[in-house]
Each structure stands twice: as structure tokens, then as C-alpha cells.
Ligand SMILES: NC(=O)c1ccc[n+]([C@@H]2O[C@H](COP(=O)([O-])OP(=O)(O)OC[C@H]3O[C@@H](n4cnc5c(N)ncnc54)[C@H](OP(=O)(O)O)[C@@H]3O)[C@@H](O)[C@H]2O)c1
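Just the one chain here, laid out as C-alpha cells, in the form predicted alone.
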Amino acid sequence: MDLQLRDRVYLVTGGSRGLGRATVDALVADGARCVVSSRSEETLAEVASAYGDAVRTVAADNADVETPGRLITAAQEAWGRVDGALISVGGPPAGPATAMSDDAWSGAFESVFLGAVRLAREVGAVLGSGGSMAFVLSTSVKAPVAGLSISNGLRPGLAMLAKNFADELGPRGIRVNGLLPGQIFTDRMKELTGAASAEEAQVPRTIPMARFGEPEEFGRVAAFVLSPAASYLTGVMVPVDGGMTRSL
């Protein structure tokens, strides 16, 4: 299938590793161009080396109010357009609700929640018809994940706001969706499981496919959802979880 991505330009936050990086891989492989942001200049240097002229990198924190403008400017200066965005942030601190401090909640709200909303609002303002945004959320949108209370609190709200953005931007021909990764074996999963590889980690019985997902499996879905090939898909939450989510 031709995803019609050639020469289209996407902003990918948190794009230097994990799910964001896998999405950059898929987008660039189909001919797109990407502005990739991360807080780590070291990992961004590796991204710049790997993709050459197909990417521009910006060291930025989603919690910074200037980040959306910087990313949009980088895309417009490099290629004269912005066609969409993958809005992804790192996972908030793990722990039970009874142990999470106000500071932990406030910090996560600024980056995970408000930073994502700000990006969607400002990117949505410059997109034209055919533009597309996707929020990287979690299966915690559908059901709580044990030990990830802050994620459980913030992700469902972002999912509802994604629906709001889809409603409000749809008349301009702009699509907005959510992606719900499950047990994808990224660096974050290494932290949570304490295992160095998917082979070493114990696969939860709740995954019907009986294995962890690979980042590239998420990246291919994200590229499709962002692409013109998904032109009538908006306001939906797409699980990428090997069947783990039991609700419809």
C-alpha cells in the first residue's frame, strides 16, 4: 500500500528512541521528512547521523511553552510545510497512587498532559486540509495499568481531548487520533520489568499473542494512522497491544 507520504513533513516529539524513533523509521522509509525532538542532545545527534537530510532535530522539552513554535519553525524553514505530528512523551514516574507526591503529579501534568495539549493546539492551528495528528497514549486509556497511577490518571483525559480536537479540527480536513501501545519492549519496558531483553522478561498471560511487541510494529501503525491513506480515520483510539485490551 502506498501511504502517500513522500515529501510530507511531520513533527515527532520524543522521537530519538522508543516508539517515537520507530515511527520516524516508518515515516522516513516511505519518503516523509521529520522534525524530531527530544531532551537528549546525545540521542538527537545519533538520529541526525542516521537519517541525514530526511530529518531535522530540535533539543526541546514538551513542558516548555516555546517548544511547539520551535518545532513548527524548524519544519517550515527546512521544507516550507507541516503536514502532521506524532505527539509523544516519556512515561511519567511509576508507583501507586498512595505514594505519588504533588510534585510528581505536577511535573507529569506539565509535560505529559499540558505539553501535549499545547502542541496539539498550536500545530493544529498551522495544519491545512489533509493534516493529521496522533497522540501516543497507553492502554491505560481503557483500563488501569498496575503501578502506573499517574499514567492512569492523565492518559484517559488526553484521549478525550484528542476526541475534542478531532471534532473541532475535522471541518478543516484535519484528523486527530490516539494510539494505545501495550507491552511494547522499549527502554521504558526495560525499566518497568528489570529485564535487559524481551526474551528475558516474563510475558504477561493477558497478552493473547503471547509475546511483547516490537517498536517497529507500533511505528508502522503510527505511520499509517498519520498518513493520507487513513483519510477517513479520526477521533479513534487504536490499540497496538497484541490483543491485551479486553474492552471494545
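Numbering starts at 1 and runs along the sequence shown. Since we're looking at a predicted model, the values are computed, not measured.
Just so you know, the form predicted in complex with the named molecule exists too; it's not on screen, but the next bit is about it.
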Original post:
Taking 4.5 angstroms as the cut-off for heavy atoms, does residue 60 touch the named molecule in the predicted bound form?
Top reply: yes
Original post:
Using 4.5 Å between non-hydrogen atoms, is residue 136 touching the named molecule in the predicted bound form?
Top reply: yes
Subject >> Contact label in the predicted bound form: residue 91 to the named molecule, heavy atom within 4.5 Å >> reply: yes
Original post:
Wondering, does residue 227 line up within 4.5 Å of the named molecule in the predicted bound form on heavy atoms?
Top reply: no
Original post:
the named molecule isn't shown here, but in the predicted bound form, which of 73 to 81, 122 to 130, 174 to 182, 98 to 106 has heavy atoms within 4.5 Å of it?
Top reply: 174 to 182
Original post:
Among 53, 66, 187, 200, which has at least one heavy atom within 4.5 Å of the named molecule in the predicted bound form?
Top reply: 187
Original post:
If you look in the predicted bound form, which residues in 1 to 26 sit within 4.5 Å of the named molecule (heavy atoms)?
Top reply: 14, 15, 16, 17, 18, 19, 20
